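In the form predicted alone, a lone chain appears below as structure tokens.
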């Protein structure tokens, strides 16, 4: 009886810690949504109150009327979708080569690619910036895209997923005379489709939220992405229009939040597969 009681207490203790952690992580989102539905008086009178009384949509109306939101959404979406497609394609092709081909120094090359995870992003900023300047890609979306077209983490996750495909299945396809391209397209891709979708969503969210690198590359206001436009808007308002700023932030974060909400199962499964297969 005492053992069961102690176990029950420990279990509730862990659940309480998890609930506190969840609250701390969700509170900024709740604050953002709540503030976006408050007028200026409510913002300063009841900053920590998550329930606006009464809620107002004037902040969203103000944003949609005075802020070229569709232009910034298109700029961000265009960069994010190109980067996502390129990363997903290169990750699948590279992982297929690492898993199903034997070539000299294969493991050395793969381990060298893994080492790129440990290189701080600040080390890469200067050479990448100078390269974009040499290529004449400053203040263009292509200067933002080019250094982000390949992702080592994507290659690693796809390799781990492909290693779980039974080898007899592939050997049967080879005996039937299938080419490597046919094996990849008709055998491998249908089996790893959820994982490809999962890493694509992660790539899209990371690209959508990217701030520092576009800040260095983009200068013209018509080329800005949503995170940069949000910062510009807040600075222009002097940091006082919290409700309007939170309305912009809500509209900016809504697409990646919705995508993650629908695809979180695939994302979690992908990381679990990467952790289980050695």
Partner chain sequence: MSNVENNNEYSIIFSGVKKAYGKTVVIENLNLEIKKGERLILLGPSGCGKTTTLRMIAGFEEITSGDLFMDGEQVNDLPPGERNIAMVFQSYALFPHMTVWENITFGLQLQKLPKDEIAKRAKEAMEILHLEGYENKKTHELSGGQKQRVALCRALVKQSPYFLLDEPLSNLDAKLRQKARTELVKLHEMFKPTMVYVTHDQIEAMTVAHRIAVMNQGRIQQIDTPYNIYHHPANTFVAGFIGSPAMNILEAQVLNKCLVIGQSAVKLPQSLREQIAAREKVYFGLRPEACTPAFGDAMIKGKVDFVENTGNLQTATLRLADGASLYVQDSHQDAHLEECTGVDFAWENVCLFDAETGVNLELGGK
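Positions refer to the first chain, counted from 1. Because the structure is predicted, anything quoted here is derived from the model rather than measured.
Omitted from view is the form predicted in complex with its partner chain, to which the following refers.
> Out of 130, 121, 169, 149, which one falls within 4.5 Å of its partner chain in the model of the complex, going by heavy atoms?
Checked against the cut-off, the match is 169.
> Which residue, 93, 175, 114, 135, is the contact with its partner chain in the model of the complex, using a 4.5 Å heavy atom cutoff?
Checked against the cut-off, the match is 175.
> Choose one stretch from 135-143, 203-211, 189-197, 156-164: the one whose residues place a heavy atom within 4.5 angstroms of its partner chain in the model of the complex.
Single hit among the candidates: 189-197.
> Although its partner chain is absent from this view, report whether residue 86 comes within 4.5 Å of it in the model of the complex, heavy atoms only.
Outside the cut-off, so no.
> Does any part of residue 71 reach within 4.5 Å of its partner chain in the model of the complex? Heavy atoms only, please.
Residue 71: no contact with its partner chain in the model of the complex.
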